[in-house]
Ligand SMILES: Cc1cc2nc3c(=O)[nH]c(=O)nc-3n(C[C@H](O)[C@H](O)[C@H](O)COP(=O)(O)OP(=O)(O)OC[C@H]3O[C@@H](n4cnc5c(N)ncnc54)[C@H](O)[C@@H]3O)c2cc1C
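Presented as structure tokens, the chain that follows is alone, the form predicted alone.
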């Protein structure tokens, strides 16, 4: 059984773990840092980010895009290391050319592998010890040193330890919610919120949705969780299971999951036309007058995809072959209301393997401004292992960089 000693050990070589190591080694060359990961290669989950394109930050870092138990601390963290800082680090430290589509920033190659390689090359060139294919089983603290026990029986000693194990989504990449059991004895259960899914498909008991499975359509959706209504826009997808997916659904899914888990059946209202009810009613009235002899399905087919139109007409109680001239004003209002505010009750959601991000983890309020556990000096938690999650659009990776940077700066100041 071998034992090695380091200034800092980092558990998890994903986005936040790699960034922590890179920033420590940039600002304090020669620091003995070890990165431990259960995968044969680092950055496995990061490689999947943004369907492999890696939207690594967003220049519009609004606090409302995040969910956390301590918004004030999150706001301060983003002020200290925000999107411009991340872009500068990738461009001028890692040598990654970046590009943007509006507020969304990507590596110019549009390849997540570019980001993984840049981080890996940098930490390896600066002497980081990469321990791949091995998993940390236990963490113990004895006076001023941490002891990490690995699967192969070896032990590591370090002055500082960073837990960057991620959440519990994409478990095949090694994210299995390890932070909770790893920190047993070092953290109170009151400091932890159980993991659940975010950025995940939502499901309804309404089996009729399966009849329009495969549909992709721009839409605006509103979630009513019994407490408030939240709106999002983007591509809506109807899955083969009869569920709702797409960016607009993902952006509301965290709140929907919390509602379902608390016993509430939230409702998603779908605006298939991205228009106000009155505007939609006028569009329908104009077309009914233009094409009085056509069926409803044919007369309104220029407004919305015909498959969706026929589905909505049937669900609203109209026959698709009914002549447009037979519609009354009240009929037009009713159809317009259905097209702009179609209700879908949400009864469940996807599994961790279907979710892009976890919500839950170590409470942000249980950490200090440098991501150090308040109750355990020298122990830090970063990235998705912390109870901070954001909507689609680079917000979650920005949190990985922000938490890692603050952690690294805190460690450098104490070594």
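Because the structure is a prediction, the values reported are computed rather than measured. Numbering follows the first chain given and starts at 1.
A second form of this protein, the form predicted together with this ligand, is not displayed here; the remarks below concern that form.
Peer 1: With the partner left out here, check for me: in the model of the complex, does some heavy atom of residue 178 sit within 4.5 Å of this ligand?
Peer 2: Residue 178 belongs to the contact set for this ligand.
Peer 1: Please tell me whether any heavy atom belonging to residue 173 falls inside 4.5 Å of a heavy atom of this ligand, as the geometry stands in the model of the complex.
Peer 2: Contact with this ligand, yes.
Peer 1: Flag residue 48 as yes or no: does it have a non-hydrogen atom within 4.5 angstroms of any non-hydrogen atom of this ligand in the model of the complex?
Peer 2: Result yes; residue 48 sits at the interface with this ligand in the model of the complex.
Peer 1: Is residue 24 close enough to this ligand in the model of the complex to count, meaning some heavy atom within 4.5 Å?
Peer 2: Residue-level check for residue 24: no, no contact with this ligand.
Peer 1: Looking at heavy atoms inside 4.5 Å, which stretch does this ligand contact in the model of the complex, given the options 343 to 351, 26 to 34, 378 to 386, 365 to 373?
Peer 2: Result for this chain: 378 to 386.
Peer 1: Could you work out which of 136, 309, 288, 281 is the residue within 4.5 angstroms of this ligand in the model of the complex, going by heavy atoms?
Peer 2: Only one option qualifies, and that one is 136.
Peer 1: Relative to this ligand in the model of the complex, which residues of 9 to 42 have a heavy atom no more than 4.5 Å away?
Peer 2: The stretch 9 to 42, when checked against this ligand in the model of the complex, contributes 11, 12, 13, 14, 15, 16, 17, 36, 37, 38, 39 at the 4.5 Å heavy-atom cut-off.
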